[in-house]
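Form predicted alone, single chain, as structure tokens, below.
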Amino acid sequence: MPEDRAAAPLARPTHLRPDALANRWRVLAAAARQLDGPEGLAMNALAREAGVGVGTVYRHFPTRQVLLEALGAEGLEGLVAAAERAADGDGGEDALAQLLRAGLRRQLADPALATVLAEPTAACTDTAAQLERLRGALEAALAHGRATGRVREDVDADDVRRLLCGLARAVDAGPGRASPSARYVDVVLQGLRPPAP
């Protein structure tokens, strides 16, 4: 998280002039198309494709990380909502299974979200706030799992976030993105159980 939160950018700013908002959306659309392309997120290439000056790109997205957080903002918001719903449920292991499955599905559909989850810190204040909400939901699900004896004591929310990232990378590494994902989630859930006495 940035030291000076007041100076940190927002992944989803709320007050932009209509022309600035239109430019921002053009850059985001170009970035979404280029995310997995050979040029990646080169700012000059994004400016050309979006039909804006490179200064406009940097004004909205001063760093690649800010751009990625803006691209992944909607996916992160959806994941946080799913995590909070799962954490409010009545089954610790079931909540974790729901969280892992939702997190995996969302990362496979949104590569920017996968990148944001993998970063140890956030560049944008609203991203940091969403990640803190995600951490809270993960901790609530873990606490219930521990209380019911289904989750080991030494696992914390950061561990689960990293496991979520690992699940997406494992599925991406194979030839069939959909086929092994349920099995991988089951393997992680087995690993979260307390060791046998």
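Numbering starts at 1 and runs along the sequence shown. Note that the coordinates shown come from a computational prediction; the quantities given were computed from them, not determined experimentally.
What comes next is about the form predicted together with a further copy of the same chain, which is not displayed.
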**Prompt:** Quick one: does residue 162 come within 4.5 Å of a further copy of the same chain in the model of the complex, counting heavy atoms only?
**Reply:** yes
**Prompt:** Is there a heavy atom of residue 17 lying 4.5 Å or less from a heavy atom of a further copy of the same chain in the model of the complex?
**Reply:** no
**Message:** Can you tell me whether residue 152 touches a further copy of the same chain? I mean in the model of the complex, with a 4.5 angstroms heavy atom cut-off.
**Reply:** yes
**Prompt:** Taking heavy atoms only, is residue 146 within 4.5 angstroms of a further copy of the same chain in the model of the complex?
**Reply:** no
**Complete:** Partner contact check in the model of the complex: of 126-134, 61-69, 152-160, 23-31, the stretch with a heavy atom within 4.5 Å of a further copy of the same chain is 152-160
**Contact test, all of 81, 122 and 139, partner a further copy of the same chain in the model of the complex, heavy atom 4.5 Å** = no
**Item:** Members of 107-141 lying within 4.5 angstroms of a further copy of the same chain, judged by heavy atom, in the model of the complex
**Value:** 114, 118
